[in-house]
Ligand SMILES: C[S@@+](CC[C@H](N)C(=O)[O-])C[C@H]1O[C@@H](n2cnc3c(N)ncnc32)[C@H](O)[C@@H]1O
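Take a look at this one chain, the form predicted alone, written out in structure tokens.
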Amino acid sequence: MADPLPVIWHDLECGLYRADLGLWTALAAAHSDPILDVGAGTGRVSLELAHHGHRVIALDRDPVLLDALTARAAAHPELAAQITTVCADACDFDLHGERVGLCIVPMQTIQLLGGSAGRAAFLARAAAHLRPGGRLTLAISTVFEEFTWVPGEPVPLPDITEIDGTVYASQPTAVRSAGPRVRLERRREVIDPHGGRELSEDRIELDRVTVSGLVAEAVRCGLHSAGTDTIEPTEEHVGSLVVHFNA
């Protein structure tokens, strides 16, 4: 049986975000299926697009998260028929001749690819899989408010959920500059029904990117700049710039 924790943490820390869904559904309505959802995870965006009648290819490198997506889609047969999962790295995927009308990269996934070489590899693969006139859209963050939590001082509220009597809490503890990247740190805590506690630390690093830099990288892969949009911040999440490219 697969470890459920990766799914629980992914859902808790990412799955409740909805501020961008209107943008993805509007783009999907304006472009032809199928839609490639890069970094699909447990299906936050893929399931929403399938609910609107679109055919979606959900790409992620984590098979556990994709299994959760498949199970959730299977509970609704009309959605299951709309979603195909592909377990692959975004920098080295192959849809075996399938081309898409829209490729979306939500929630700063483009900033998790390990620098310019990783982005270039992904952009080349995305360009190769777009139909003529197709659209690639990337969500990025360029402004980060750095902080370091000191015990006893105020701290951002944790994300909390309870499943079968066990409480899971994800507490942001720092946003730090790490040279060409920004490091996001969290403390994860699991409290079982008997009061037992387990603590762990989670860190992810986002590449610093700019719109002009992304445009230059994408143009080298044969893509054409098609403007930007903005996703406003919420109480729980930073805002995003959305960068569009046409094939």
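Note that residue numbering follows the sequence shown and begins at 1. A quick note: this is a predicted structure, and the numbers were derived from the prediction, not measured.
Quick note: we don't show the form predicted together with the ligand, though the next part is all about it.
- Here is the short version: of R61, H51, R208, R183, the single residue with a heavy atom within 4.5 Å of the ligand in the predicted bound form is R61.
- Contact annotation: of the candidates A174, A80, A88, A124, the single residue with a non-hydrogen atom within 4.5 angstroms of the ligand in the predicted bound form is A88.
- Contact annotation: C14 falls within 4.5 Å of the ligand in the predicted bound form, judged by heavy atom distances.
- The ligand is not drawn, but in the predicted bound form it has a heavy atom within 4.5 Å of T109.
- In the predicted bound form, at least one heavy atom of L65 sits within 4.5 Å of the ligand.
- When the ligand is considered in the predicted bound form, H31 lies well away from it, no heavy atom lying within 4.5 Å.
- Here the chain stands alone, but in the predicted bound form its contact with the ligand, taken as any heavy atom within 4.5 Å, falls in 32 to 40 among 195 to 203, 175 to 183, 214 to 222, 32 to 40.
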